[in-house]
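Encoded as structure tokens, the following chain is the form predicted on its own, with no partner shown.
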Amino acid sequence: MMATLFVSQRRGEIPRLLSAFPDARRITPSQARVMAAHGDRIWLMADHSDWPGLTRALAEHGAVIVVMSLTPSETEALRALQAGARGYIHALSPVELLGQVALVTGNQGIWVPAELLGRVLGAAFNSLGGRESLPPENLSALTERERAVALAVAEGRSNKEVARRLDITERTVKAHLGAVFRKLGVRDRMQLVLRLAKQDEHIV
């Protein structure tokens, strides 16, 4: 039977987490390494130095992990996703949001706060080599303007920023982005970054 576990080194209970998941059980990082099983839903506080290593180890066991932080940042979010977490959120998120995160991550989705998403994607794209290492064939199906929109979005820019940079309307940006997603066979910005960087083997 799948368990819901709250893993923290220093913190006691988080009332909102318990309100969202009354059966959640608090355990320490060392207990998590022994107890976590395939399919368990783990809410892991980034309150100890080896949380990325613990995230990686639990993900390899098939657990669904959401990293929680009291001071969210794009750098920490990227580390969480790179370690295998399915989500990254503020530790004091509202009960309704926690439920949404559980639903998305439990269905193989990725959850990152909207205000961090663009910067996380840009950091991920750059860490995978950015424009310089982009295989030319990855953009061959796109028009020149679609290519410009795709690269700007992959670098973490919002639709408004892309519109301003290319001197077009946000509506036009959305239209170009829709065409890019369709031509490249991706569903969202995250998959776009992976596809452009030739890291798309596991996209489903």
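This is a predicted model, so every value here is computed, not measured. Take the two forms, superpose them, and find the largest set of C-alpha atoms that agree within 1.5 Å; that set is the rigid core. Residue indices: 1-based, along the sequence shown.
One more form of this protein exists, namely the form predicted in complex with the DNA; it is left out here, but the text below deals with it.
> Out of 35-43, 60-68, 170-178, 22-30, where are the residues with a heavy atom within 4.5 Å of the DNA in the model of the complex?
Flagged stretch: 170-178.
> May I ask you to state whether residue 50 is within 4.5 Å of the DNA in the model of the complex, using heavy atom distances?
Residue-level check for residue 50: no, no contact with the DNA.
> Can you tell me if residue 56 lies within 4.5 angstroms of the DNA in the model of the complex, counting non-hydrogen atoms only?
No.
> Please check if residue 145 has a heavy atom lying within 4.5 Å of any heavy atom of the DNA in the model of the complex.
Result yes; residue 145 sits at the interface with the DNA in the model of the complex.
> Would residue 189 count as touching the DNA in the model of the complex under a 4.5 Å heavy atom rule?
Looking in the model of the complex, residue contacts with the DNA include residue 189, since a heavy atom lies within 4.5 Å.
> Could you list which residues of 150-166 come within 4.5 Å of the DNA in the model of the complex, counting heavy atoms only?
Counting only heavy atoms within 4.5 Å of the DNA in the model of the complex, the contacting residues of 150-166 are 158, 159, 160.
> Classify residue 41 as shifted (yes) or not shifted (no) between this form and the one not shown, where shifted means its C-alpha moves by 2 Å or more with the rigid core superposed.
The answer is no, as the C-alpha of residue 41 shifts between this form and the one not shown by less than 2 Å after core alignment.
> Between residue 156 and residue 43, do the C-alpha atoms lie closer or farther in the model of the complex than in the shown form, with a difference of 3 angstroms or more?
Farther apart, by at least 3 Å.
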